[in-house]
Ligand code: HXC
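For reference, the chain that follows is the form predicted on its own, supplied as structure tokens.
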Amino acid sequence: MTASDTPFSPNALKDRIVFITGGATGIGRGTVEVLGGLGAKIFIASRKQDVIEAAVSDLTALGIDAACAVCDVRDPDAVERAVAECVEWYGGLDILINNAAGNFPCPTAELSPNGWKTVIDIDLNGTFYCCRAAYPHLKASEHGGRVVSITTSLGRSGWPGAAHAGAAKAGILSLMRALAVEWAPDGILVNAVAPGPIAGTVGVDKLYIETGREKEMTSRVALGRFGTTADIGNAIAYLCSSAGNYVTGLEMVVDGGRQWTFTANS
């Protein structure tokens, strides 16, 4: 993703400070390239130090101001420390993106309590911890705070074979809508983005590309193709820019029409 590829003006997010979890790979990586290309300063929080440091190096080479901290979102104290480090490094916080997620396919009858708890802890509890830690800084943002969390439309329909992830994402959406109302008086807009199948992500690669099921999945998408990480980044950019100043409590579905395509094998 380059500045010439984006539909936004080059300085649409100039000097906005972004704290993103899981921003080193996949959708998170595509998102920070988009936001950084629009002038935002990027702070990545994730578990693997070598991965986030490599991401920061790559972003810096693209001319993006980026920093990072090791953080397991399941640990509320670690989240508090990472947010504090971001604020100390950049002098504030304007945008929180809850992107860290865990998932694995498993029939619910075979799902262990630990497997259930692990995904709920990463997805739902981690999102809450990040929102809680970021709140006073978002409230103080001179630009107006923004929260965007990654969900899935399968959280609303149910996700057979991944009930733990579906339940966690449904909880995130409920949390976002509660915070959209609670934090509106503080000038904080709170939304969600629900991606469809996105190329270049671990999920699509493992579930569809490596198993030869690419045509099966794209047949369920109205546009007939996988999305890109930049598609999600652009949706998030809209919500975080002045174009989204009157949008809060939304779940923006960016799935190429998959949720409306009903086929015999869907």
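Residue numbers run from 1 along the displayed sequence. Everything numeric in this text was worked out from a predicted model, so none of it was measured.
One more form of this protein should be noted, the form predicted together with this ligand, which is absent from this view; the next part is about it.
Of the residues given (202, 222, 54, 62), 202 alone sits with a heavy atom within 4.5 Å of this ligand in the predicted complex.
Shown without its partner, this chain lists 87, 106, 78, 180 as candidates; in the predicted complex, only 106 has a non-hydrogen atom within 4.5 angstroms of this ligand.
In the predicted complex, this ligand lies within 4.5 Å of some heavy atom of residue 258. Heavy atoms of residue 197 reach within 4.5 Å of this ligand in the predicted complex, making it an interface residue.
At the 4.5 Å threshold, heavy atoms of residue 206 reach this ligand in the predicted complex. Looking at residue 159, you'd find a heavy atom of it within 4.5 angstroms of this ligand in the predicted complex. Shown here without its partner, the chain carries 41, 139 and 245, none of which come within 4.5 Å of this ligand in the predicted complex through any heavy atom.
In short, of 79 to 87, 94 to 102, 139 to 147, 182 to 190 it is 94 to 102 that has heavy atoms within 4.5 Å of this ligand in the predicted complex. Annotation for 43 to 64: the only interface residue with this ligand in the predicted complex is 47 [heavy atom within 4.5 Å].
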